[in-house]
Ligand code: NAP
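This document opens with one chain alone, in structure tokens, the form predicted alone.
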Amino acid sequence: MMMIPSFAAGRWIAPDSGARAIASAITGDVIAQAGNDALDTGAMHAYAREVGGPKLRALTFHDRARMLKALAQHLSAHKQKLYDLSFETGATQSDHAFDIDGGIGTMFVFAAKGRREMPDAQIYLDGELEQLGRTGTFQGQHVCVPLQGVGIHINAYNFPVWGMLEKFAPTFLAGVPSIVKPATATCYVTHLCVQLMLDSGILPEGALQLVSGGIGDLLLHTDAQDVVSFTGSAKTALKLRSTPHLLENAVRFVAEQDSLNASVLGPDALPDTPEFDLFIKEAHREMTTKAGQKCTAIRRIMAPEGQVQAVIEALSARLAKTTIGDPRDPATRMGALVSTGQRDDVLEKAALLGSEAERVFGDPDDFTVHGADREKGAFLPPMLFHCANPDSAERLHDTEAFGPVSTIMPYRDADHAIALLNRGKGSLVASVITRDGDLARQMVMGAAAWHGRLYFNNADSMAEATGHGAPMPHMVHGGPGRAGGGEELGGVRGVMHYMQRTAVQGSPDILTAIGGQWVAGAREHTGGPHPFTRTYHELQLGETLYTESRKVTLQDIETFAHFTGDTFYGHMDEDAAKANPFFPGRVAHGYLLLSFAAGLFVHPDPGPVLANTGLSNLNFMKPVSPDDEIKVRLTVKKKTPRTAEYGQVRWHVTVTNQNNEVVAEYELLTMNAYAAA
């Protein structure tokens, strides 16, 4: 018997007499107890805010990203323990790839994005500067800072690891502590994952706490600095969302709930095409992975009227080969549902679907289970229904049987398919298997407003495609309407849910100090050694080099044209150039100006500058005519550490002519060593 504790205010709290019994999905035997009615949730909330929050906010995004990566590596090294325990939830070894491996992979992605896309700072700059005055002495910048509250994560039973880590990773990267409340039915797996994370010694004190069992009055301690993120049923989401305390205090609430996801077989995906086979494979996988207990699973299968029977036959044949049994047996392809209670709920919902559709595969009273007792375990066969008239159906479009159940239906044309998709009133994902780009665009225009993700796949992309039901940390996860109206993941977008966006306004010097990034018009530092002779750490924001001038001659233009092969008439034909509204006559190539600019500011000797890795935001503002002169201002705009040996320096480059008019502007990227060679 496992006694599953909570981790509250820095210590483990064992279950008490009110603990709930947890049964094995395979045998039905009680294997664990969890819950403590005396848990001091107020102390947990205060501990997260007063201990965890300040420690996390003192770190930079890069500091937190490095910790996430270390945690992911630690969990990877110990994931076999999670595998072994997870079998009791009814999950097979392949199911672990979605839950355990998927959760760890999500942490790796957020760790990488934190280092690559966020600054080594405590303030995130959101978007470009806004010039609010005529001369630029008063400007605006949107910034994001960590909320000073807690991320309260209430998760579903079906993904005890991924469900926690996909919420924890962006919350932690934002600089906000987490209180995790997993579903009691599988909390023993989440507990082991949390224990591994805490035992690693990587996490700052107060960054992560765990509630095993009931959540008590935790939500009554929240305010506008907290975020409650929920995954589960629409009924529970409504109950939580409607808590008067949350409404009165404008507590941020994110919900990911019931979702009638659908998959559409394109008219071009005929039998014997790779796309048809792909469609059948995806539908089968979504019905059987985690025994259909996925929030992204395909509940409605849509096919052209003439292809419905072919889909039924092909999918039924594939389902018939699916071995149901003890998930610990490598031969098992589909395990059990999480509990006998969930099994009974699925049967009840399937009966509702059966009032509008015919069951064409899978008899819950007559199926074989290998290596386990069918009556004691929470086993069901995959069940496929067929609704011949989906337009008149109601339950089909509002009832989710959260298990291995799906319904196939016909559609007449693209508009009809879109109408059927949208009858679900909001889903996490809809997929379309087609090679027809026009159909894909029509689907986006007609259905995207009701779906959080649209997944298109065909023979061109199938080798790399991640699957209909696999939310990727790079892309947003959530959906409108019935799906909850929330949004998670999406790379840095997911981090922003745990931060406050604030508009700041001030002078260039003030904005430079706030954002850690030089703003044009702020103070410059000139007169020192050539900046290319200074190490990464020696360089300071605003450090500026003004170069000498160089005349651009007609011979320069012609030499460059013949050497590169760029003999565009604007550089070579005086009359044709004058006829162009942008040119006064023959002008210098833009890339010639960039080359001459580099020649003006580059230091020739070996030094801390290791490489020029690119330029961005290039704009040519005014043409340069023969015998014009150009000069360069080179300013350190931003510094970002990259490795243990070097960091990236972003330089603001302005090229002006003899009249001090800007002719070109861009940002140069170099890699600079931390120490002199």
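Nothing here was measured: the structure is a model prediction, and the numbers come from that model. Position 1 is the first residue in the sequence shown; the rest follow in order.
There is also a form predicted together with the ligand; it is not shown, and the following applies to it.
- Residue Lys239 is the only one of His370, Lys239, Arg501, Lys578 with a heavy atom lying within 4.5 Å of the ligand in the predicted complex.
- Site annotation in the predicted complex: the residue of Leu592, Leu428, Val189, Ala207 reaching within 4.5 Å of the ligand with a heavy atom is Leu428.
- At a distance of at most 4.5 angstroms from the ligand in the predicted complex, all three residues Ile154, Asn158 and Ala183 contribute at least one non-hydrogen atom.
- The candidate stretches are 94-102, 350-358, 545-553, 397-405, and the one lying within 4.5 Å of the ligand in the predicted complex by heavy atoms is 397-405.
- In the predicted complex, Ile514 stays away from the ligand, with no heavy atom inside 4.5 Å.
- Though the partner is left out of this view, Ser233 does reach within 4.5 Å of the ligand in the predicted complex, counting heavy atoms only.
- Within 4.5 Å of any heavy atom of the ligand in the predicted complex lies no heavy atom of Gln141.
- Contact annotation: Gly149 falls outside 4.5 Å of the ligand in the predicted complex, judged by heavy atom distances.
- Taking a 4.5 Å heavy atom cutoff to the ligand in the predicted complex, the one contacting residue in 7-38 is Arg20.
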